[in-house]
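Single chain ahead, written as structure tokens, the form predicted alone.
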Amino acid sequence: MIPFVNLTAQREAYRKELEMAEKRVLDSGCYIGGPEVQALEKELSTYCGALHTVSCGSGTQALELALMVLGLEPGDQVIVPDFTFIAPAECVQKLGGVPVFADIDPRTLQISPESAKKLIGPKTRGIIAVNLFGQCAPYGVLRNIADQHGLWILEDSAQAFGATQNGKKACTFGDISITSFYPTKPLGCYGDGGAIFTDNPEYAEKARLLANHGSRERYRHIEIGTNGRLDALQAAVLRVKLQHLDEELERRRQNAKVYDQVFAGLPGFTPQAIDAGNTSTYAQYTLLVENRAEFIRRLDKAEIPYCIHYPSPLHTQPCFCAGHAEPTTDASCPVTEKVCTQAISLPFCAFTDVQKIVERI
């Protein structure tokens, strides 16, 4: 069976470097924090251009910490896209806020600024923009809207570390930004990991404080925080993979072109559009397929794996429905509802033999 993401091939490609990095950590006896984590944070900042980077235990944890840094309070409303993974809305609600679901652009599948603008009310505090499938959200328009209404922007770049918009790299568009290092991400470790990025030194200091049980010095806790630390082994793995990231991203773009050549002109198939000025990490290669059930039947027959990102709008999830949470909006999200019936992702990474898959199809 073709792997959906070929992590085994990636490890083989960098095996010597990875084993040296792993041995360095294991021999050091320093397994949480320490010089590996500090070096990684500096290298991540240098790569993306953010002044401050604070690593943490996962992308979801990065979202939660970022919302705490931004001062989210119970009852505050935050606009989130209806078509994405649950984590942004989940973290808002977990902290007592109210996620308000915005529709998406039918071409790029990113949050729709027009939909978001209509949802702004007296309790709205900010917008979480998700760089879905590796492409940056429309930050120019979103920033104008946010500034007009005194809102912050949290950039969820869990799928897009390394992407660009008009020459500027992802993780630098929000008042605070986050990414994930889950193993299947374009830059992934061997477990969970994440990071927070900001140019605001006060935000960075508070994020670091909260990620260490609200403490700057041992047994003195200024605020209620959490255990949000990244372990040194994950940091060492990420430092190796970061050196190869640009090369991998170029291979991802070339693989996407192979898929595009097949599907772009095929009736009933629409690849996710990449907006002018954007480059994508292609965290997934996602299509909209009019007859998804038939396409799945053919993929199964050809023994080609697939994933459906995402099968239902977030606003229909039981945890956000009436009886479980405060109603967030009376508006529907028709584009999201349609896309959830059509979206499908094909095997994809820098080590995927896309030509072999195309031949099978």
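Start at 1 with the first residue shown and count on from there. What you are looking at is a predicted structure, and each value in this text was computed from that prediction instead of being measured.
The same protein also has a form predicted together with a small molecule, omitted here; what follows describes it.
Using a 4.5 angstroms threshold between heavy atoms, residue 87 counts as touching the small molecule in the predicted complex. Contact check for residue 130: a non-hydrogen atom falls within 4.5 Å of the small molecule in the predicted complex. Proximity of residue 208 to the small molecule in the predicted complex falls outside the 4.5 Å heavy atom cutoff. Put simply, residue 63 is close to the small molecule in the predicted complex: some heavy atom of it is within 4.5 Å. Taking a 4.5 Å heavy atom cutoff to the small molecule in the predicted complex, the contact residue among 139, 152, 259, 182 is 182. Of the residues 111, 158, 238, 230, just one reaches the small molecule in the predicted complex with a heavy atom at 4.5 Å or closer; this is 158.
Listed stretches are 292-300, 52-60, 38-46, 22-30; the contact stretch with the small molecule in the predicted complex is 52-60, by a heavy atom cutoff of 4.5 Å.
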